[in-house]
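Given as structure tokens, the chain that follows is alone and in the form predicted on its own.
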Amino acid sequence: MHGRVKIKTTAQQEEEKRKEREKKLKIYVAARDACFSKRNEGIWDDEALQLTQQLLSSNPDFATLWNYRREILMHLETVKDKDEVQKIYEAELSFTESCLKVNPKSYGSWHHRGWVSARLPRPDWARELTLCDRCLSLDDRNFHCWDYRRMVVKMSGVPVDQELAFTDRLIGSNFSNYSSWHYRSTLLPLLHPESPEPPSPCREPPQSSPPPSPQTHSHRVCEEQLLKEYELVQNAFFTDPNDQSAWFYYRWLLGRGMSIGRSVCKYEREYISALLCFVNHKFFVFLTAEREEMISCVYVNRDEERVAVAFSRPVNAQSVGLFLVLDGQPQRVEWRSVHPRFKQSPVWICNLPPGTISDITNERNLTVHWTEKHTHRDCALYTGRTESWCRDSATDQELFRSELSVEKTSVLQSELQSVKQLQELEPLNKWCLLTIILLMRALDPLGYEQEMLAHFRTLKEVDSMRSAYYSDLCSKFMIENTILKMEYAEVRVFSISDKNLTTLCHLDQLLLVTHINLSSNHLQRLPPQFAMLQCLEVLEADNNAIENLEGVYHLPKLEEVLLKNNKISTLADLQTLASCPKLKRLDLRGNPVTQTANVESELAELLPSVTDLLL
């Protein structure tokens, strides 16, 4: 055994590592405490600078230390001359570069480097661009580096065409470079903007405005460049149909083209906003039209002496300045949301004092003023009528206009054919199927309805992990189509039975509906937003999986509720029905609650107005 190297056991090695870690930790904690002590005492000397450097070299994500370091540097600016400050900040750049080698995605290091670069007496922006190029060559999705690069480009005045060429190089080497596609989308509207629209009679005279920037510029691109971009992005997704980066850029492109020809006034312009939704790992980009903020509907009822007001977005009527004027006289009313859960709601209601409008022989004129937005809405309640309303339809508001429909129809049709060609080669590609659905929706949502449903069925099969998401998206589209059909038919009946609905949306658009049929779907609840159906008289929701009736709340005209074959299990689930004063008929056949002891007498006590109870 003599003369042989002793092999350390695992336990011995672990113990030595533990002691080494403890030793390092003690040194680190001592240095940290020394830094904090110096900062509390207002000491900004070279020793403090060295201490923060020692700590940040091993942990570059300590934000408090970066803040202290900046305080020290700002103090040194006041006691050093310009050349000394230049040297200090150049050394600081070298230090941040060493920190980035420890963690290339250190937010604190990138932020501090930007702060230093902005304060350098003689910055070297070319060096900073080279650093960005080097970092992005190692990781083209380093978002912190991309942010820093945009700052460098802005500060140094790099031409837009040079940056666009930079994205060309990155995309050419890797089609899957999402950051490059995104950066390209900010550059194109600046370099190739859409030609100005001819003046419209309803437009105000043009006023002087600041130079375009990615934040203020109209995000439209001229048609010639769009066609080139279509070719580029199609090369990408034909090369790798399963890569999502090019598909997202393609969808953005389809929303950047020329408008269909609708002349719009200043207060009618719509803008496109991207809502990036992550729900249980269900990933998708919604692009929705931001509507003009306005009062979209006013409804008045003589019998209940009630006024309901719908807005184009959720508001707090108690804080936005909502006033009611009747025949020229301001009224003192108390506005309330349709459900106690809502402080912000698209629909608000109020009751007028008894006898104010109940006389059917008198014509009354109401005006609702929304002072915050300097807008109002008039509504006339004519002689002999018990109710009246004034509203904009979903068609008038272009409420369901697809994000792609700002492009010309001929272009959309051409793109649809191109994507269909890819589908023939890749029939089970989810990005291809989803894009086809969106293009069809932009072109003709009603005409392509059956084809879209077929594509949704395929999507749920090939991408089963997002099946629930596709079901919800399909439900949204079907509800939008049904609203359009209802408005074209000029009826107040909303029938969407047997459509495999999994969710409800756009309920604020159903304020005037008197009869709704949701039977034979896959709904599990009637959400609080359901209380916006203030004119509802009949609710059919047989053959669903409804467990919750939270939204059937204070519906003043509701008389009939049909809930056969659902999953209502307790009397508490029916509690909200007690808030509906005119409820007469209730069908609960096939629900677990019917097996409850003394259910009939309990329901009679809970819902005394019900005279026709089916169990």
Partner chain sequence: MLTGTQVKDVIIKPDAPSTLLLEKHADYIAAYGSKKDDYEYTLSEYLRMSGIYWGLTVMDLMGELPRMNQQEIVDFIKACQHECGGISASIGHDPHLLYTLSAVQILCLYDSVDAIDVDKVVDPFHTLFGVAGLSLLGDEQIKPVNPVLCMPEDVLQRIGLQPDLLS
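Residue numbers count along the first chain shown, from 1. Throughout, rigid core stands for the largest set of C-alpha atoms superposing within 1.5 Å between the two forms. Every value quoted in this text rests on a predicted model; they were computed, and no experiment measured them.
Missing here is the form predicted together with its partner chain; even so, the following discussion is about that form.
A.B. asks: Considering non-hydrogen atoms and a 4.5 Å limit, which listed residue (Y178, W115, Y250, Y469) is close to its partner chain in the predicted complex?
C.D. replies: Exactly one listed residue reaches within 4.5 Å, namely Y178.
A.B. asks: In the predicted complex, which of the listed residues (H369, R364, K430, R302) lies with a heavy atom within 4.5 Å of its partner chain?
C.D. replies: Among H369, R364, K430, R302, a heavy atom within 4.5 Å of its partner chain in the predicted complex occurs only for K430.
A.B. asks: Are any of the heavy atoms in S245 no more than 4.5 Å from a heavy atom of its partner chain in the predicted complex?
C.D. replies: Within the cut-off, so yes.
A.B. asks: Examine D240 and determine whether its closest non-hydrogen atom to its partner chain in the predicted complex is within 4.5 angstroms.
C.D. replies: D240 belongs to the contact set for its partner chain.
A.B. asks: D61 versus its partner chain, in the predicted complex: is there a non-hydrogen atom within 4.5 Å?
C.D. replies: Yes, D61 is a contact residue.
A.B. asks: Would K557 count as a contact of its partner chain in the predicted complex, using a 4.5 angstroms cut-off between non-hydrogen atoms?
C.D. replies: It does not: once its partner chain is placed as it appears in the predicted complex, K557 has no heavy atom within 4.5 Å of it.
A.B. asks: Hey, with its partner chain in the predicted complex, do R21, K343 and M465 all fall inside the 4.5 Å heavy atom range?
C.D. replies: Yes, the whole trio is in contact, each within 4.5 Å by some heavy atom.
A.B. asks: Quick check for you: of 41-49, 563-571, 581-589, 26-34, which stretch puts a non-hydrogen atom within 4.5 Å of its partner chain in the predicted complex?
C.D. replies: Partner-contacting stretch among the options: 26-34.
A.B. asks: Is any part of 489-517 within 4.5 angstroms of its partner chain in the predicted complex by a non-hydrogen atom, and which residues would that be?
C.D. replies: The stretch 489-517, when checked against its partner chain in the predicted complex, contributes no residue at the 4.5 Å heavy-atom cut-off.
A.B. asks: On a rigid core superposition, would R70 pass a 2 Å threshold for CA movement between this form and the one not shown?
C.D. replies: Yes.
A.B. asks: Please check if R39 moves between this form and the one not shown, taking a CA shift of 2 Å or more relative to the superposed core as movement.
C.D. replies: Shift of 2 Å or more: yes.
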